[in-house]
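Here we start with a single chain on its own, the form predicted on its own, put down as structure tokens.
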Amino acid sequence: MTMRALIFDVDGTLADTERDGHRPAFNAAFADAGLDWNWDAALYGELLAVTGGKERIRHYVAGHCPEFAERPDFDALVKRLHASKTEHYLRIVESGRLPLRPGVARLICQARIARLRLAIATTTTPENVSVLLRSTLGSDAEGWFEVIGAGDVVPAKKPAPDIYQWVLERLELPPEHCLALEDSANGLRSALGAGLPTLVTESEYTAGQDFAGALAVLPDLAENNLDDIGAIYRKAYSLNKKS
């Protein structure tokens, strides 16, 4: 079996964006709206069980201040909060405070040299993806990725497989010729649901989650180049044939 494409998750996989990026951006948006909500690092770790920013706000409200959900403008409020959060997040990323995780830039560059196709499958917004790629890899980096599946292009967020299926349809590749890179159990379930072999690099918030079904679980990519990743991929298929 030949690996022909790499499909990357973003938050926690390309960069550790959650604790020092998205979380303070949410808090800034709450403050701008005059809300006394504050998501500390521990609470945010719990909220990450829900994928999608707007979905995360709704989940928080349901558990901590359900009266807000009764407001006639609640849906509009959630959209405004998320839009404000995105603006704050983009400023954080543009400041250069969120570098790529170890080994990620090297792997992407090696994949381009090897003419592997690149794609992204994420629940974060397209703007977040664009700014992160430009600020960490260069002004033309977004064009390196043939397909970018992000935000609300599919209605069901991870762990549903929809976003990976959407990306695969546009790559016009069968899942067995691709490798997904994820950091969370929800992301792994999403990729596996689309039939994708998946490599996990644990992040700060996902260490210790259930990664059953992953080809391998690594702390990061610091010690692994494209040849190592390819060997993991080929070994998995070799074992499948023997079984």
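Here the structure is a predicted model, which is why all the values come from computation and not from measurement. One rule holds for the numbers: they count along the sequence shown, beginning at 1.
The same protein also has a form predicted in complex with xylulose-1,5-bisphosphate, omitted here; what follows describes it.
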property	result
Candidate site Pro161, Val167 and Arg189: all three near xylulose-1,5-bisphosphate in the predicted bound form by heavy atom within 4.5 Å	no
Ile232 within 4.5 Å of xylulose-1,5-bisphosphate in the predicted bound form, heavy atoms	no
Contact flag, Arg101 vs xylulose-1,5-bisphosphate in the predicted bound form, heavy atom cut 4.5 Å	no
Touches xylulose-1,5-bisphosphate in the predicted bound form: Pro175 (any heavy atom, 4.5 Å)	no
Close approach of Tyr44 to xylulose-1,5-bisphosphate in the predicted bound form, 4.5 Å, heavy atom	yes
Contact segment among 108-116, 80-88, 167-175, 139-147, judged by heavy atoms lying within 4.5 Å of xylulose-1,5-bisphosphate in the predicted bound form	80-88
Listed residue that, although xylulose-1,5-bisphosphate is not shown, lies within 4.5 Å of it in the predicted bound form (heavy atoms), from Leu48, Leu215, Val61, Leu218	Leu48
Heavy atom within 4.5 Å of xylulose-1,5-bisphosphate in the predicted bound form - qualifying residues of 103-140	Thr122, Thr123, Thr124, Thr125, Asn128
